[in-house]
Ligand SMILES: Cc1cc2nc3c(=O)[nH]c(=O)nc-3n(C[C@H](O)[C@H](O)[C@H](O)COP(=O)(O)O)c2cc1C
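Next comes just one chain, in C-alpha coordinates: the form predicted alone.
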Amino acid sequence: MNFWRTLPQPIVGLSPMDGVTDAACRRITARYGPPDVMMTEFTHVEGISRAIPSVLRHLEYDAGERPIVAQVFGSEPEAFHRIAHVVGALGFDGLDINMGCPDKNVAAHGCGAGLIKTPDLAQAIVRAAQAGARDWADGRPLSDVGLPEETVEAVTRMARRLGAADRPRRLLPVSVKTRLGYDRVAVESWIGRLLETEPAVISIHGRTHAQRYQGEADWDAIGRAAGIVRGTGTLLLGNGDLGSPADVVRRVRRYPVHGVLIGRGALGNPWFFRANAAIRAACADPTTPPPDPPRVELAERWRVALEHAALFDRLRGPIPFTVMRKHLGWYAKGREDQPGIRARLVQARELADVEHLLADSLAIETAACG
(Lines give C-alpha, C1' and ligand atoms only; values in the text may rest on other atoms or scores of the structure.)
Protein backbone atom coordinates (compact mmCIF):
# COMPACT_ATOMS: atom_id res chain seq x y z
CA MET A 1 0.00 0.00 0.00
CA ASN A 2 1.19 3.52 -0.83
CA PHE A 3 1.22 4.96 2.69
CA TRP A 4 1.13 8.52 1.33
CA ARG A 5 -2.47 7.94 0.28
CA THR A 6 -3.44 6.98 3.85
CA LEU A 7 -2.26 10.26 5.39
CA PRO A 8 -4.81 12.93 6.30
CA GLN A 9 -4.71 16.04 4.12
CA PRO A 10 -3.28 18.54 4.11
CA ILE A 11 -0.22 16.51 5.02
CA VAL A 12 2.09 18.39 7.41
CA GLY A 13 5.48 16.69 7.54
CA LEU A 14 9.03 17.41 8.65
CA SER A 15 11.27 18.43 5.77
CA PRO A 16 14.59 16.59 5.43
CA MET A 17 17.53 18.91 6.21
CA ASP A 18 21.13 17.86 5.81
CA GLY A 19 23.04 18.00 9.06
CA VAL A 20 19.81 18.75 10.97
CA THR A 21 17.17 16.01 10.78
CA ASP A 22 19.41 13.26 12.11
CA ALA A 23 18.12 10.37 14.22
CA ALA A 24 18.09 12.36 17.45
CA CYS A 25 16.22 15.30 15.90
CA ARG A 26 13.61 13.03 14.35
CA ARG A 27 13.04 11.04 17.54
CA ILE A 28 12.54 14.19 19.59
CA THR A 29 10.17 15.55 16.94
CA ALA A 30 8.23 12.27 16.92
CA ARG A 31 7.88 12.39 20.70
CA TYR A 32 6.69 15.99 20.97
CA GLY A 33 4.96 16.58 17.61
CA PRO A 34 4.54 14.29 15.84
CA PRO A 35 4.55 15.21 12.12
CA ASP A 36 2.54 13.23 9.58
CA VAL A 37 5.72 11.96 7.89
CA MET A 38 9.49 12.29 8.27
CA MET A 39 12.51 11.73 6.03
CA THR A 40 16.12 10.97 6.82
CA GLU A 41 18.97 13.30 5.96
CA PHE A 42 19.92 12.77 2.34
CA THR A 43 22.41 9.94 1.92
CA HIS A 44 24.66 9.18 -1.05
CA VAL A 45 23.74 6.01 -2.93
CA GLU A 46 27.37 5.03 -3.54
CA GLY A 47 28.21 5.42 0.13
CA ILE A 48 25.34 3.08 0.96
CA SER A 49 26.49 0.61 -1.71
CA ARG A 50 29.94 0.48 -0.11
CA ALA A 51 28.45 0.17 3.40
CA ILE A 52 30.54 3.06 4.72
CA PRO A 53 29.64 3.11 8.44
CA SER A 54 29.38 6.90 8.64
CA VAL A 55 26.95 6.81 5.70
CA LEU A 56 24.81 3.92 6.91
CA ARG A 57 24.37 5.78 10.21
CA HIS A 58 22.17 8.26 8.31
CA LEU A 59 19.68 5.43 7.80
CA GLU A 60 19.26 4.67 11.51
CA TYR A 61 15.70 5.20 12.68
CA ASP A 62 13.27 4.25 15.42
CA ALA A 63 9.83 2.69 15.00
CA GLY A 64 8.31 5.76 16.65
CA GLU A 65 9.32 7.82 13.60
CA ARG A 66 6.96 6.02 11.21
CA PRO A 67 6.04 6.68 8.56
CA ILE A 68 9.73 7.17 7.83
CA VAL A 69 11.16 7.70 4.34
CA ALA A 70 14.81 7.24 3.34
CA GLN A 71 16.07 10.15 1.25
CA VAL A 72 19.00 9.42 -1.06
CA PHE A 73 20.95 11.25 -3.75
CA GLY A 74 23.30 10.38 -6.60
CA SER A 75 23.58 10.42 -10.38
CA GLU A 76 23.77 6.78 -11.51
CA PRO A 77 20.42 5.06 -12.23
CA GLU A 78 21.86 1.58 -11.60
CA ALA A 79 22.83 2.62 -8.08
CA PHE A 80 19.26 3.69 -7.34
CA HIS A 81 18.00 0.29 -8.44
CA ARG A 82 20.32 -1.36 -5.91
CA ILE A 83 19.58 1.12 -3.14
CA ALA A 84 15.82 0.52 -3.44
CA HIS A 85 16.55 -3.03 -2.26
CA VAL A 86 18.60 -1.73 0.68
CA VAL A 87 15.87 0.71 1.70
CA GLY A 88 13.30 -2.10 1.48
CA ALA A 89 15.49 -4.46 3.51
CA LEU A 90 15.88 -1.84 6.24
CA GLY A 91 12.12 -1.55 6.62
CA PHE A 92 11.55 2.02 5.45
CA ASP A 93 8.08 3.12 4.42
CA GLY A 94 9.23 4.90 1.28
CA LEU A 95 12.17 6.10 -0.81
CA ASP A 96 12.67 9.76 -1.67
CA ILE A 97 15.13 11.02 -4.27
CA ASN A 98 16.79 14.35 -3.59
CA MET A 99 16.75 16.56 -6.69
CA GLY A 100 16.89 19.84 -4.81
CA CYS A 101 20.11 20.19 -2.80
CA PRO A 102 21.82 23.39 -4.01
CA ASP A 103 25.22 22.67 -2.47
CA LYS A 104 27.86 23.24 -5.15
CA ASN A 105 29.69 20.02 -4.27
CA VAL A 106 26.46 18.10 -4.86
CA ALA A 107 24.95 19.91 -7.84
CA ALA A 108 28.27 20.19 -9.70
CA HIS A 109 28.48 16.39 -9.76
CA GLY A 110 25.07 16.10 -11.39
CA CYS A 111 23.29 15.20 -8.14
CA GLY A 112 20.65 17.04 -6.12
CA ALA A 113 19.49 20.19 -7.91
CA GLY A 114 21.98 19.42 -10.67
CA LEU A 115 19.50 16.88 -12.00
CA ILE A 116 17.12 19.70 -12.96
CA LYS A 117 19.54 20.40 -15.82
CA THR A 118 19.40 16.78 -17.03
CA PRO A 119 15.72 15.77 -17.05
CA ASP A 120 16.35 12.60 -19.07
CA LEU A 121 18.78 11.38 -16.41
CA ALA A 122 16.39 12.44 -13.66
CA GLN A 123 13.64 10.35 -15.25
CA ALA A 124 15.99 7.36 -15.62
CA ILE A 125 16.87 7.61 -11.92
CA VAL A 126 13.23 7.65 -10.80
CA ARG A 127 12.38 4.70 -13.05
CA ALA A 128 15.41 2.74 -11.85
CA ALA A 129 14.38 3.29 -8.22
CA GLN A 130 10.81 2.25 -9.03
CA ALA A 131 12.06 -0.90 -10.78
CA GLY A 132 14.23 -1.70 -7.78
CA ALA A 133 11.27 -1.23 -5.46
CA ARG A 134 9.21 -3.63 -7.59
CA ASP A 135 12.01 -6.20 -7.68
CA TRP A 136 12.33 -6.01 -3.91
CA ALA A 137 8.59 -6.44 -3.40
CA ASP A 138 8.63 -9.42 -5.78
CA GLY A 139 11.22 -11.19 -3.62
CA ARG A 140 14.55 -10.52 -5.32
CA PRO A 141 17.36 -11.24 -2.82
CA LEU A 142 19.59 -8.43 -1.60
CA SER A 143 22.57 -10.55 -2.63
CA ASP A 144 21.39 -10.63 -6.27
CA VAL A 145 21.53 -6.93 -7.21
CA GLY A 146 25.26 -6.30 -7.54
CA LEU A 147 26.00 -5.14 -4.02
CA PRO A 148 29.35 -6.13 -2.45
CA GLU A 149 29.10 -9.08 -0.06
CA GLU A 150 30.20 -6.93 2.86
CA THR A 151 27.38 -4.49 2.12
CA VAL A 152 24.80 -7.28 2.09
CA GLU A 153 26.11 -8.50 5.43
CA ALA A 154 26.16 -4.99 6.96
CA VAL A 155 22.62 -4.22 5.77
CA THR A 156 21.36 -7.60 7.00
CA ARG A 157 22.82 -6.94 10.46
CA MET A 158 21.34 -3.44 10.48
CA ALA A 159 17.92 -4.77 9.45
CA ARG A 160 17.96 -7.18 12.39
CA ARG A 161 18.90 -4.37 14.78
CA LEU A 162 16.09 -2.19 13.43
CA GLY A 163 13.56 -5.00 13.74
CA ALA A 164 13.03 -5.05 9.97
CA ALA A 165 14.44 -8.46 9.10
CA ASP A 166 11.04 -10.19 9.27
CA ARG A 167 8.98 -7.27 7.98
CA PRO A 168 6.77 -8.34 5.04
CA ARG A 169 7.95 -7.11 1.66
CA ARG A 170 5.82 -4.38 0.13
CA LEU A 171 6.12 -2.07 -2.81
CA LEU A 172 7.81 1.10 -1.58
CA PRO A 173 6.45 4.37 -2.99
CA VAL A 174 9.15 6.44 -4.70
CA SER A 175 8.97 10.23 -4.32
CA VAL A 176 11.07 13.23 -5.35
CA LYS A 177 12.06 16.41 -3.52
CA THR A 178 13.13 19.23 -5.81
CA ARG A 179 13.11 22.97 -6.51
CA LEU A 180 11.38 25.38 -8.88
CA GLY A 181 14.19 25.23 -11.41
CA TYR A 182 17.95 25.58 -11.76
CA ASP A 183 18.78 29.20 -12.57
CA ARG A 184 15.18 30.26 -13.29
CA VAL A 185 11.67 29.12 -12.44
CA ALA A 186 10.73 26.30 -14.81
CA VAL A 187 7.94 24.42 -13.06
CA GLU A 188 5.86 23.82 -16.19
CA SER A 189 8.61 21.95 -18.03
CA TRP A 190 10.44 20.44 -15.04
CA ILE A 191 7.45 19.21 -13.07
CA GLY A 192 5.91 17.94 -16.30
CA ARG A 193 8.98 15.79 -16.94
CA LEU A 194 8.92 14.40 -13.40
CA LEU A 195 5.22 13.60 -13.71
CA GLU A 196 5.93 11.36 -16.69
CA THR A 197 7.59 8.92 -14.25
CA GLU A 198 4.48 8.87 -11.99
CA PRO A 199 6.21 9.40 -8.62
CA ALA A 200 4.06 8.98 -5.52
CA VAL A 201 4.87 12.50 -4.34
CA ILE A 202 6.71 15.56 -5.57
CA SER A 203 7.84 17.90 -2.79
CA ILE A 204 8.91 21.28 -4.11
CA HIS A 205 10.95 23.94 -2.33
CA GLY A 206 9.87 27.39 -3.45
CA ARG A 207 13.27 28.59 -4.63
CA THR A 208 15.55 27.83 -7.55
CA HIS A 209 18.99 26.27 -7.26
CA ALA A 210 20.53 29.68 -7.92
CA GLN A 211 18.64 31.24 -5.01
CA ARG A 212 19.79 28.60 -2.55
CA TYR A 213 18.01 29.82 0.62
CA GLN A 214 17.93 33.52 -0.22
CA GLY A 215 14.86 35.64 -0.87
CA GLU A 216 11.26 34.62 -0.33
CA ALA A 217 9.83 31.27 -1.37
CA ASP A 218 7.76 31.67 -4.55
CA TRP A 219 4.45 30.15 -3.58
CA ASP A 220 2.78 31.32 -6.77
CA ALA A 221 5.16 29.02 -8.65
CA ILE A 222 4.48 26.22 -6.18
CA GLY A 223 0.78 26.80 -6.82
CA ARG A 224 1.31 26.45 -10.57
CA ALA A 225 3.17 23.19 -9.98
CA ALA A 226 0.31 21.98 -7.79
CA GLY A 227 -2.15 22.81 -10.56
CA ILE A 228 -0.14 20.69 -13.00
CA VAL A 229 -0.13 17.75 -10.58
CA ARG A 230 -3.82 17.90 -9.65
CA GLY A 231 -5.80 15.10 -11.26
CA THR A 232 -2.81 12.79 -11.61
CA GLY A 233 -1.89 9.99 -9.22
CA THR A 234 0.89 12.14 -7.73
CA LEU A 235 0.64 14.30 -4.62
CA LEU A 236 2.40 17.66 -4.39
CA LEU A 237 3.79 19.12 -1.16
CA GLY A 238 4.98 22.73 -0.84
CA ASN A 239 7.99 23.78 1.20
CA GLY A 240 9.45 27.15 2.14
CA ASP A 241 8.89 30.02 4.59
CA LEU A 242 6.33 28.20 6.74
CA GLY A 243 7.18 29.52 10.17
CA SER A 244 3.86 29.00 11.92
CA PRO A 245 0.61 27.01 11.69
CA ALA A 246 -1.06 30.17 10.39
CA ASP A 247 1.43 30.27 7.50
CA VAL A 248 0.46 26.71 6.59
CA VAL A 249 -3.26 27.47 6.64
CA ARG A 250 -2.78 30.61 4.53
CA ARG A 251 -0.80 28.73 1.87
CA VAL A 252 -3.03 25.65 1.74
CA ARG A 253 -6.17 27.76 1.47
CA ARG A 254 -4.73 29.69 -1.45
CA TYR A 255 -2.84 27.02 -3.40
CA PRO A 256 -4.00 23.50 -4.43
CA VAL A 257 -1.20 21.59 -2.68
CA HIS A 258 -1.86 18.27 -0.96
CA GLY A 259 0.24 19.34 2.01
CA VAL A 260 3.48 20.91 3.15
CA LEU A 261 6.86 20.08 4.59
CA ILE A 262 8.09 22.21 7.49
CA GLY A 263 11.79 23.08 7.56
CA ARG A 264 13.10 26.02 9.53
CA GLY A 265 9.78 26.49 11.33
CA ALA A 266 10.45 23.25 13.22
CA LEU A 267 14.04 24.07 14.24
CA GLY A 268 14.20 24.00 18.01
CA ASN A 269 10.43 23.60 17.86
CA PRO A 270 9.37 19.93 17.76
CA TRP A 271 5.99 21.03 19.14
CA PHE A 272 5.03 22.66 15.82
CA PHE A 273 3.21 19.55 14.64
CA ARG A 274 0.86 19.45 17.64
CA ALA A 275 -1.19 21.93 15.62
CA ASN A 276 -1.69 19.54 12.67
CA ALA A 277 -5.29 18.64 13.49
CA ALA A 278 -6.19 22.30 14.03
CA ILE A 279 -4.45 23.19 10.76
CA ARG A 280 -6.59 20.66 8.90
CA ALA A 281 -9.75 21.92 10.55
CA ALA A 282 -8.97 25.51 9.55
CA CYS A 283 -8.15 24.45 5.98
CA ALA A 284 -11.43 22.56 5.70
CA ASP A 285 -13.53 25.47 7.00
CA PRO A 286 -12.49 28.97 5.88
CA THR A 287 -14.51 30.47 8.75
CA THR A 288 -12.28 28.72 11.29
CA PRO A 289 -9.38 30.94 12.35
CA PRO A 290 -5.86 29.55 11.89
CA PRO A 291 -4.46 28.03 15.08
CA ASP A 292 -1.88 29.77 17.21
CA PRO A 293 1.50 28.07 17.63
CA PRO A 294 1.38 25.41 20.37
CA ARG A 295 2.15 27.05 23.70
CA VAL A 296 5.25 25.68 25.42
CA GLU A 297 6.43 26.89 28.80
CA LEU A 298 10.08 27.89 29.04
CA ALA A 299 10.84 25.12 31.55
CA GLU A 300 9.48 22.57 29.07
CA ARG A 301 11.62 24.04 26.29
CA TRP A 302 14.77 23.72 28.42
CA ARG A 303 13.85 20.20 29.52
CA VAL A 304 13.36 19.01 25.93
CA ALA A 305 16.54 20.77 24.78
CA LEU A 306 18.44 18.83 27.44
CA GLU A 307 16.68 15.60 26.45
CA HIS A 308 17.60 16.23 22.82
CA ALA A 309 21.24 16.89 23.70
CA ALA A 310 21.45 13.68 25.75
CA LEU A 311 19.88 11.64 22.94
CA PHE A 312 22.23 13.19 20.38
CA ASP A 313 25.21 12.37 22.60
CA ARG A 314 24.09 8.72 22.84
CA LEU A 315 23.51 8.32 19.09
CA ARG A 316 26.25 10.50 17.60
CA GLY A 317 29.00 7.91 17.23
CA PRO A 318 32.16 9.62 15.91
CA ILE A 319 30.36 12.90 15.16
CA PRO A 320 31.58 15.65 17.54
CA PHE A 321 29.14 16.90 20.15
CA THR A 322 29.63 20.44 18.85
CA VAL A 323 27.28 19.55 15.95
CA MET A 324 24.49 19.78 18.54
CA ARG A 325 25.21 23.46 19.14
CA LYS A 326 22.98 24.67 16.31
CA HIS A 327 19.99 22.83 17.79
CA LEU A 328 20.67 24.36 21.20
CA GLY A 329 20.80 27.78 19.59
CA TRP A 330 17.41 27.18 17.97
CA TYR A 331 15.84 26.09 21.27
CA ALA A 332 17.13 29.29 22.89
CA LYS A 333 16.35 31.63 19.98
CA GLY A 334 14.25 34.57 21.07
CA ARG A 335 14.45 33.62 24.72
CA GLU A 336 15.14 36.85 26.65
CA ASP A 337 14.24 35.47 30.06
CA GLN A 338 17.86 34.72 30.88
CA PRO A 339 20.31 37.05 29.16
CA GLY A 340 23.27 35.30 27.60
CA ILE A 341 21.88 31.76 27.78
CA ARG A 342 21.96 31.31 23.99
CA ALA A 343 25.55 32.53 23.70
CA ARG A 344 26.64 30.08 26.37
CA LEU A 345 24.71 27.12 24.94
CA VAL A 346 26.25 27.49 21.48
CA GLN A 347 29.70 27.25 23.07
CA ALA A 348 28.98 23.88 24.74
CA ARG A 349 31.69 21.32 24.03
CA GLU A 350 30.08 18.30 25.67
CA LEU A 351 26.85 17.12 27.22
CA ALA A 352 28.03 18.04 30.73
CA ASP A 353 28.21 21.70 29.68
CA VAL A 354 24.59 21.63 28.56
CA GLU A 355 23.49 19.78 31.67
CA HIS A 356 25.14 22.43 33.84
CA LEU A 357 23.70 25.39 31.93
CA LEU A 358 20.18 24.04 31.61
CA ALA A 359 20.08 22.70 35.17
CA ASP A 360 20.53 26.28 36.31
CA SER A 361 17.85 27.49 33.88
CA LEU A 362 15.39 24.83 34.99
CA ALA A 363 16.03 25.67 38.63
CA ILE A 364 15.28 29.34 37.97
CA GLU A 365 12.05 28.49 36.12
CA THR A 366 10.96 26.07 38.83
CA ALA A 367 11.55 28.69 41.49
CA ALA A 368 9.61 31.27 39.48
CA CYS A 369 6.67 28.89 39.10
CA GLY A 370 6.76 28.07 42.80
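Treat the numbers as computed from the prediction; the structure is a model and nothing was measured. For every residue, the number given is its place in the sequence shown, counted from 1.
One more form of this protein exists, namely the form predicted in complex with this ligand; it is left out here, but the text below deals with it.
**Student:** Looking at 76-84, 263-271, 276-284, 114-122, which one sits within 4.5 Å of this ligand in the model of the complex if you count heavy atoms only?
**Tutor:** Of the options given, it is 263-271.
**Student:** Can you confirm whether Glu188, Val229 and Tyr255, the three residues that make up this candidate site, all sit within 4.5 Å of this ligand in the model of the complex, judged by heavy atoms?
**Tutor:** No, because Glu188, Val229 and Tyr255 lack any heavy atom that approaches this ligand to within 4.5 Å in the model of the complex.
**Student:** Using a 4.5 Å heavy atom cut-off, state whether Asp62 contacts this ligand in the model of the complex.
**Tutor:** Looking in the model of the complex, residue contacts with this ligand do not include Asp62, since no heavy atom lies within 4.5 Å.
**Student:** Report whether the minimum heavy atom distance between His205 and this ligand in the model of the complex is within 4.5 Å.
**Tutor:** Taking the distances in the model of the complex, the answer for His205 is yes, it comes within 4.5 Å of this ligand.
**Student:** In the model of the complex, does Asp36 have a heavy atom within 4.5 Å of this ligand?
**Tutor:** Although this ligand is absent here, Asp36 would stay clear of it in the model of the complex, with no heavy atoms inside 4.5 Å.
**Student:** Within a 4.5 Å heavy atom cut-off, is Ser361 in contact with this ligand in the model of the complex?
**Tutor:** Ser361: no contact with this ligand in the model of the complex.
**Student:** Taking this ligand in the model of the complex as the reference, which of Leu351, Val346, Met17, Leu357 has a non-hydrogen atom within 4.5 Å?
**Tutor:** None of the others qualify; the residue that does is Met17.
**Student:** Scan 175-190 and note down the residues that get a heavy atom within 4.5 Å of this ligand in the model of the complex; none is a fine answer too.
**Tutor:** Only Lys177 sits within 4.5 Å of the partner.
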